[in-house]
Each structure stands twice: as C-alpha cells, then as structure tokens.
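Given next, in structure tokens, is a single chain: the form predicted on its own.
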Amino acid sequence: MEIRELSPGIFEIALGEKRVLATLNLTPGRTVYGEQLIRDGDREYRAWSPYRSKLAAAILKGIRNVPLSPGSRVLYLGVASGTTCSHVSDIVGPEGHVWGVDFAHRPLRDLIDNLSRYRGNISPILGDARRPESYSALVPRVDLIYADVAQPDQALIVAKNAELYLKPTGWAMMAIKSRSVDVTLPPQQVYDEQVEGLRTRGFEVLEVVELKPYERDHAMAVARYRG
C-alpha cells in the first residue's frame, strides 16, 4: 500500500491497481456513509467517493486550489446530511471547525445523529443561507465558504455570507448545479453567469472545473475574496 499526500489532509492511497482518494479519520472505527476504512499502522483513513461528494470529484478532476488545511475554519452552506462535511471535518482536524448550515430539518437531524454527535469540530445550524444575519451569533469569521445550495441565486447567497463571515482574502468554493439554476440554458452558460455573479460581488475567480463523469451538469468554482 502506497500513501501520498496530495495537499494538507488529503491523501491518495494505492491499493493494488486501484487508487483511492481519502482523508484521515477523525473518529477511528466509525464510518459516515458506508465508506471503506483503510488502516495503516496506527492511522486510519476513510475512502472519499467522488460519486458522493462534489469536492472529491473536483479534486480528482485536477482542481489546483483546495483552500483547506488543518486548523481551517469553514462555513458550509447546504451541508445536508454531511457526506462531504465529514471529510472537511477530517481535513481541518481538531484545531479547525465547520459551521454547517441547512434549512431542511431531516438532513440536519441526520447530520447531528450520525456526525456532529461524535465530532466536536462540527456545529450544525438550522438556517436559511439567504438570511446570513440570522445565524450571526453562531458563526465567527472563517477562512473558507463552501457552498452547495443548488439555487438560482447561489452567487448572491455566497456573497451575502462573505460580507458577514469571510476573512479578507478568504476563499469560496461554489458547487454549481446548472439544472437547478436554469434548465433551459446550456450548462456552460450557467457556469459563466454564476462565475460572473461572483466577480461582480468582490471575488476573483481562479478556476472552474466541470465534474463529469462523477456529476452530470455540475462544476466547481474556486474564488478569492477581495471584498
């Protein structure tokens, strides 16, 4: 078995002919969504499926900027039940923290029962990302906003949260689901419009990566905040 660190906290593990993306398990012995656990001495890794996580898909598609590392503080918009959030939690480690916002009760309850109950670095927040002021008492300034909200106005949602919570020169990663924005437009046009929405609201967009074959009609945008 060969293990290579692609960037801080993100690993590629060679298992024979197979190569697996993975993170170091913050809660050894526990899985979150039935993922494979890989033991190497006293370290345990969790396989990270690109078919279950848009962030994993973006990494495997060669995204150059992954602004996550041990100690990072992350505001996660659209956290749902926490599949990707669990790997972000692994990466930022016990010195970092993830504030996960979602407006749906059921997936947030799953996040609490299956994840945050066992991980002290995740704070679930029942809230509407369109109204970031509603959770201002709970969230400090963060290094990264990760957004997977699948809404037509997602660039505006990211920008409104950035004004309140993102540190100067902080980062944003935005998963763009073109069919949730406008089903009548070609995906590339939707990506371009959402990226322009970030640019006009104080972001420098550094790259946009399409996520096929892992996710159809999806892209991941990475941007630096200029305020």
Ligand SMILES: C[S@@+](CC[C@H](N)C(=O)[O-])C[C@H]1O[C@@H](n2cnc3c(N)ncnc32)[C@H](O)[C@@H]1O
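Nothing here was measured: the structure is a model prediction, and the numbers come from that model. Numbers for residues come from their place in the sequence shown, where the first is 1.
Missing here is the form predicted in complex with this ligand; even so, the following discussion is about that form.
Annotation: in the model of the complex, residues Val79, Ala129 and Gln151 each come within 4.5 Å of this ligand through at least one heavy atom. Using a 4.5 angstroms limit between non-hydrogen atoms, Thr84 touches this ligand in the model of the complex. At the 4.5 Å threshold, heavy atoms of Tyr118 stay clear of this ligand in the model of the complex, well away from it. Using a 4.5 Å cutoff between non-hydrogen atoms, Ala104 counts as a contact of this ligand in the model of the complex. The partner is not drawn, yet in the model of the complex one stretch among 137 to 145, 67 to 75, 120 to 128, 90 to 98 has residues with heavy atoms inside 4.5 Å of this ligand: 120 to 128.
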